[in-house]
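Coming up is one lone chain in structure tokens, specifically the form predicted alone.
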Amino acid sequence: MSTFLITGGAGFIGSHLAEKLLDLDEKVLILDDLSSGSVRNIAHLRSNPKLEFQAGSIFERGLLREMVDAADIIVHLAATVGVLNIIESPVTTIQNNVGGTEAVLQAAAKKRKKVIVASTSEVYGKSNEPVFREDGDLVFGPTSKSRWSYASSKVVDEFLTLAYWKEYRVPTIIVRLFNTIGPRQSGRYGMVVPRFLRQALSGQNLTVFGTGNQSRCFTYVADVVEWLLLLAANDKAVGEVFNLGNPEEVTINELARRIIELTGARVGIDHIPYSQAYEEGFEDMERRVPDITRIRAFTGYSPRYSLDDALRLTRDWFVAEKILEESTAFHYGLGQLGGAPRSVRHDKTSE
């Protein structure tokens, strides 16, 4: 039995990873400051004696060191996430991401604990390559565009992570996540699938930013969790960088149409300029497709969930959540308001 420490473990991906590890009879430590995660995400796990949850920050160095010392493997997921956060709080984004990763690596260095650090497909920036390879060039816009601060902070995270392996022999692994989706993901910070699902299930038109012709690849959370577990068990993966994504590509317009069909919603699609959705001069990339040759070679695992599978499973969770919200509203005598009011809505469930 191994002990895993998951920073940000009460978030979307972290809660799924914790759930899977407990199913495998591993011990799980979670450190989360709940700034974007939620205890609700792990409420169904709290009775398991092999789970230990600490509501605290990775910047609480004493607490972090104590939990790292108790762990065999650290999966570092804690970070500022989402385009809206990046635009509104660029200072916090940079400080949280770079400072937080450095704190985790410093704590792990003492006893050379294995650390898996979550990075992002955003690091590829404005690259025009048809598919993104881990050894490809990274192309960013100017520093005057705060949109690139998140990608830049994660690049620094990657440099730090690899430097700790090369200089201090801390066994580290980097994973670049490509638009992970699934139950418990929140749309509060700009994540497109949960935002579209909430709009469709509420009878609102879906808002597509930009032309909608930009394409993305979406990965079901269970596939990401499987890859993380396989990498954690593979010492040959140390010092490597891996794309974790499903190469199935879809435009945002097509994604919106699929979600409307999937939910049966009688709604339309509204296109909102980037300047209105985010900020003047906002830049986006047209395509973002992962090359997953390397992760397949190291793990033997390929995505098992298609985009349609992932959307269906995520929809089912959102429908269940919406029913719960409505029943909660009526329980408090608020049904006449047409749904749960802000005080009882469950918008802070994940990510």
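Keep in mind that this is a model prediction, so the values were computed, not measured. In case it trips you up, residue 1 is the first one in the sequence shown, and so on.
One more form of this protein exists, namely the form predicted together with a small molecule; it is left out here, but the text below deals with it.
Student: Work out which of Val155, Ala103, Val192, Val225 lies within 4.5 Å of the small molecule in the predicted bound form, going by heavy atoms.
Tutor: Of Val155, Ala103, Val192, Val225, the residue with a heavy atom within 4.5 Å of the small molecule in the predicted bound form is Val192.
Student: Considering the small molecule in the predicted bound form, which of Ile252, Val267, Leu160, Ala232 comes within 4.5 Å of it through any heavy atom?
Tutor: Of Ile252, Val267, Leu160, Ala232, the residue with a heavy atom within 4.5 Å of the small molecule in the predicted bound form is Ile252.
Student: Where, among 107-115, 235-243, 130-138, 213-221, do residues come within 4.5 Å of the small molecule in the predicted bound form by heavy atom distance?
Tutor: Flagged stretch: 213-221.
Student: So in the predicted bound form, are Tyr274, Asp284 and Arg288 all sitting within 4.5 Å of the small molecule, heavy atoms only?
Tutor: All three within 4.5 Å in the predicted bound form.
Student: May I ask you to state whether Val98 is within 4.5 Å of the small molecule in the predicted bound form, using heavy atom distances?
Tutor: No, no contact at 4.5 Å.
Student: Within 4.5 Å, heavy atoms only: does Trp148 come near the small molecule in the predicted bound form?
Tutor: Trp148: no contact with the small molecule in the predicted bound form.
Student: Can you check whether Trp165 is within 4.5 Å of the small molecule in the predicted bound form, heavy atom basis?
Tutor: It does not: once the small molecule is placed as it appears in the predicted bound form, Trp165 has no heavy atom within 4.5 Å of it.
Student: Is Asn179 close to the small molecule in the predicted bound form, meaning a heavy atom pair under 4.5 Å apart or at it?
Tutor: Yes, Asn179 lies within 4.5 Å of the small molecule in the predicted bound form.
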